[in-house]
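A single chain, nothing else alongside it, follows as structure tokens in the form predicted on its own.
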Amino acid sequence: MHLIRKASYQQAIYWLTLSLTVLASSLTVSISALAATATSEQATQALTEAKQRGYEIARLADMQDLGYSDMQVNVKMILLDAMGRRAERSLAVSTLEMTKDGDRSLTLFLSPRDQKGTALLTHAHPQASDDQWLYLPALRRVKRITAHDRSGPFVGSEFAYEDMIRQEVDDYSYRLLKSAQIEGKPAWLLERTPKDAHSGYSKQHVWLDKQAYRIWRIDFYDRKHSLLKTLFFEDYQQYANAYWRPLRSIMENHQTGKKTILEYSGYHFKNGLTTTQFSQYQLRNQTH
């Protein structure tokens, strides 16, 4: 009988110990789950705040340039291949500020001879698909650039057709990545993701200074999320005590080794341009 009681006592101790172990394990799992939930909620909140702040910064940057009315500038385009061989083109660019729609632009080739008269007309639209038309003087016709075509190169340069569209804030979703330094200046680093499903880019990293909200650099990532190109802006000048514009921009293709350099001169604002000069119906006549 004594042996039976001793065995029963040992068995009870065993089951009690096992129960306590299971209870402790359950408490550990519950605490871990609560901690994971709290961490997940904090991460979600941080991401939401980063998106809101990113959009606010992009909106503030856009507001710095409001009121320019219209702009005209001469552009020298320099093409450099991976071997450093060079080709040059001369362009005239006009832009019209729109208050109830995206801005409009007209890019006209002045040289070389075989491309003279070629013109690209762009109508940007916030939260809607943009419109682009290319006039080809050799064919005497206007070609519409479809959404599928906008990721293609603009007349052999490292700029895509979609790069030639004046960017509207609401064409992207945003996220503030961090504070940074650019050109020795305090800056923001934003990530913006195109809302257009046909964009050739999965995302873009935009560096802009905190003082004047000028964009100094954009890193473009392809659809496979690999770094494709970087656009640098150099030598900003202020015009009419209000509008900052670069004198030089460089688009470097990291995957091909090619570059396209744009050198700007003769900026002029408030020239009295009208919507008629940015009409697709007048595109052919405006190029002569």
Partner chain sequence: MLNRSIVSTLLLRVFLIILCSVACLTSEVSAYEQNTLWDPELGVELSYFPDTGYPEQKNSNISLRWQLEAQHTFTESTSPLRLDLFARYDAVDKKRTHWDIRELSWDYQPSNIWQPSNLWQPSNQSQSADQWLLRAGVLQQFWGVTESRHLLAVLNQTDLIENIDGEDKLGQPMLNLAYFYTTGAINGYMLPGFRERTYPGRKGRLRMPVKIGDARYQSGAGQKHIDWALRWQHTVDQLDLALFHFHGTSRDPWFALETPQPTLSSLSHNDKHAYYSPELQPVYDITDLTGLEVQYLWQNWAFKLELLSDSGIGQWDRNTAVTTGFEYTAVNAFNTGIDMGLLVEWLFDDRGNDAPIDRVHDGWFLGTRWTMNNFASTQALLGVIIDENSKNWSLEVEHRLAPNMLLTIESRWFSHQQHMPQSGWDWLNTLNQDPSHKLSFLQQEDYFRAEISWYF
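Since this is a predicted model, take the numbers as computed values, not measurements. Each form is matched to the other, and the largest set of C-alpha atoms that superpose within 1.5 Å is called the rigid core. Positions refer to the first chain, counted from 1.
FYI, the form predicted in complex with the partner chain isn't displayed, but the following is about it.
Across the options 166-174, 133-141, 209-217, 184-192, residues that bring heavy atoms within 4.5 Å of the partner chain in the predicted bound form belong to 133-141. Contact here is defined as any heavy atom lying within 4.5 Å of the partner chain in the predicted bound form, and by that definition not a single one of Ala180, His205 and Pro246 is a contact residue. Though the partner is left out of this view, Gln52 does not reach within 4.5 Å of the partner chain in the predicted bound form, counting heavy atoms only. Contact annotation for Ser69: at least one heavy atom lies within 4.5 Å of the partner chain in the predicted bound form.
None of the heavy atoms of Pro126 is located within 4.5 Å of the partner chain in the predicted bound form. In the predicted bound form, the partner chain sits within 4.5 Å of a heavy atom of Ile145. Taking a 4.5 Å heavy atom cutoff to the partner chain in the predicted bound form, the contacting residues in 90-112 are Leu96, Glu97, Met98, Thr99, Lys100, Pro112.
Comparing the forms between the shown form and the other one, the C-alpha position of Trp133 differs by 2 angstroms or more, with the core used for superposition. In the predicted bound form, the CA atoms of Ala160 and Leu139 move apart by 3 angstroms or more relative to this form.
Between Ser105 and Ala147, the C-alpha separation shrinks by 3 Å or more in the predicted bound form, relative to the conformation displayed.
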